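The data below hold one chain only, encoded as structure tokens and taken in the form predicted alone.
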């Protein structure tokens, strides 16, 4: 069953809850991802929300708890930003080729999109509630949505948290529009958190509750689900207290065209893809046609916006033969991608240099 309002190339990874993304070829056609191609990641069915009866509460370690309607929010300053949203499981399919990734959605390269976000300043809301900014390095801000997840007979909302120091970033917002239009239900209508530079799991959809507290959220999806473990750890061995809590995105890239094991005629071959930096900005993208022996720079397309992706292309003059194509992105702090995949049993944060095999044949 297709996800409502999506492009014909949209691949449904899971029907219920709705999860999927557009084909990689269509994703790189333009720097701003149209909403009908924007990937969807949900852990529960999309809730039906009546905007007229919607409330947002701010509570916990604040001097003045708040209960805000959508009409109340219009008094807060607005923030606008072009930025990427990426699931921590993007490119998981490559990890699965090394070893099984049980009980996870097997994303290809489509669990990422770049959009124009606009909403209300989270920092302004927190300051109105009287948050203690001197404790920014100690406190955390937790969020809960209006969806209802069922696990082992229990129902609970999706929840997550970010450090207060990040919550006070002037670019973190309570978003109500995507690409200059109101959010669709699958993307969080009427209001969602948007945390630029962080994994998508921290940008809670249908957000209805904000809690300032001394520790990270105890919600399953903060305390257990989105954690990173070393390659030698298996689920039965995992100490969830020791897993790394995911936050900032890593520098990453993907090859969108040609497809792996494609056969193309000799001559100029156009290699295209996307690169992201997690907020530092993409400095360059290198491409190798000989399995990493030599590298040349690709052309970066579009505007240099630190939180958005950079589309790139490289024109290779290839004779007949077999080629091993690789790409690697660099951010402005000189961070780059590892050449080999660092496997983990959750299949998270795969940012290894992407590779394709190409046969050039007349």
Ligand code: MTE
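Positions refer to the first chain, counted from 1. Keep in mind that this is a model prediction, so the values were computed, not measured.
There is another form of the same protein, the form predicted in complex with the ligand; it is not shown, and what comes next is about it.
Residue in contact with the ligand in the predicted complex (any heavy atom within 4.5 Å), chosen from 201, 171, 125, 83: 201.
Just one of 225, 287, 256, 87 comes within 4.5 Å of the ligand in the predicted complex, counting any heavy atom, and that one is 87. Looking at residue 68, you'd find every heavy atom of it more than 4.5 angstroms from the ligand in the predicted complex. Among residues of the shown chain, residue 39 is one whose heavy atoms approach the ligand to within 4.5 Å in the predicted complex. In the predicted complex, the ligand lies within 4.5 Å of some heavy atom of residue 145.
Although the partner is absent here, residue 158 lies within 4.5 Å of the ligand in the predicted complex, judged by heavy atoms. Here the chain stands alone, but in the predicted complex its contact with the ligand, taken as any heavy atom within 4.5 Å, falls in 185-193 among 70-78, 185-193, 273-281, 92-100.
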